[in-house]
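Single chain ahead, by itself, as structure tokens, in the form predicted on its own.
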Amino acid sequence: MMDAPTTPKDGTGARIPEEASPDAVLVRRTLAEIAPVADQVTSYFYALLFVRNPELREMFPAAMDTQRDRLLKALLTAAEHLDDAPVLTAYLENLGKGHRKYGTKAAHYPAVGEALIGALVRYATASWDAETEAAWVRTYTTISQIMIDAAAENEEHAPAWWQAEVVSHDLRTPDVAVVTLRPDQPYPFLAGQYTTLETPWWPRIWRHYSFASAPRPDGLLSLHVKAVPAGWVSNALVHRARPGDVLRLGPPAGSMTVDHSTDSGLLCLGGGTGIAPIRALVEDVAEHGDRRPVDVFYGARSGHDLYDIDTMLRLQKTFPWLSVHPVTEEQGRLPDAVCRYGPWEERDAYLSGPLGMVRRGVDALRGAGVPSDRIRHDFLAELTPASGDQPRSGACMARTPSMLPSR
């Protein structure tokens, strides 16, 4: 009997896909080596960047703790998808367009590249050599050029940011608010996408929030915001923002959108304020006149935290193709609740909510037979470090009945 094939590993023990390009192998080997000292690498990177280019410091938040891990996440994501051109390009184009709001120019990219190489030289001592450095130079050149080109193209037809006035502020629970904004000029986006937002109280600190509705004729934008511990922006939006306040919005981003060229059913998991983009997707399906089946699993800690359940149930009464399933912690975790229904193999899946829920949901759906290319979420960077974790075989299969119950 022949031995089962094994996945090759680099000198650090990290698994390398057999089809990986030579540059991807070298880049991932470096990332595997520096992973245990990621904080030190990131700190050293910023130290080099600011010492060599002090004029760049004013582009970053005064408190750098909110910025520290973003570099490594972006690098991990780019490295993980180095051989997947469509995914890599889409991710970097969004980054390039989004970086316009910080005042980033094409001339800034070489300085960032020099600081990056300097940090890697210092900390990747075991894997670094001339060949690895050349691979990183080629990789960073590719990454930066995609971002520069996307920013230049975007500059031709969109501002770097929008001003948006708060027109209403609805406190749904003590820590969840629905904030409605009026942008100062048209803001084109798709249902399921998100924006980045800066408040006047915390300059240069931007946070992501999904749109809670499909594009509206009046041009207003609605966001669902939950105040989280030590969340500077979220607490300001929930407890401080009032009608008349003016915020800044970055460009829309995200690929968690509906493909209207197919008639595949949708399976949507929304945890907490993650119900916001799910609600937008339902509205989008309705506006396009689709009659495809849509199942929404709406999870929260308790019934009280299902702050938008009345809206979702009204939509269910209006559209016979929509099924809404509220799930609280008493009933188990949201991904586990989804496993009690099905089958889902033919659905397009959408996940939005806390990172842990999305991570478990992705694993559960893969275990239930949903192909990875039909699972959509906007946690690409955050999930990349765990991409080597394989979902449990048959994670949902043993509990998946053959047909959906009636509402």
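A residue's number is simply how far along the shown sequence it sits, counting from 1. Note that the structure is a prediction, hence the values are computed from the model and not measured.
The protein also exists as the form predicted in complex with a small molecule; that form is not presented, and the subsequent description refers to it.
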For this session: State yes or no: in the predicted bound form, is some non-hydrogen atom of residue 210 no more than 4.5 angstroms from a non-hydrogen atom of the small molecule?
Result: yes
Quick one: is residue 33 in contact with the small molecule in the predicted bound form, heavy atoms, 4.5 Å cut-off? no
Exercise: residue 226 in contact with the small molecule in the predicted bound form, heavy atom 4.5 Å:
yes
request  = Indicate whether residue 271 is a 4.5 Å heavy atom neighbour of the small molecule in the predicted bound form.
outcome  = yes
Output flag, 98, 101 and 186 jointly within 4.5 Å of the small molecule in the predicted bound form, heavy atom basis = no
The one residue among 48, 339, 375, 357 placing a heavy atom within 4.5 Å of the small molecule in the predicted bound form is 357
Answer key, the small molecule contact in the predicted bound form at 4.5 Å (heavy atoms) among 237, 334, 75, 164: the residue is 334
Answer among 272-280, 166-174, 116-124, 77-85 for heavy atoms within 4.5 Å of the small molecule in the predicted bound form: the stretch 272-280
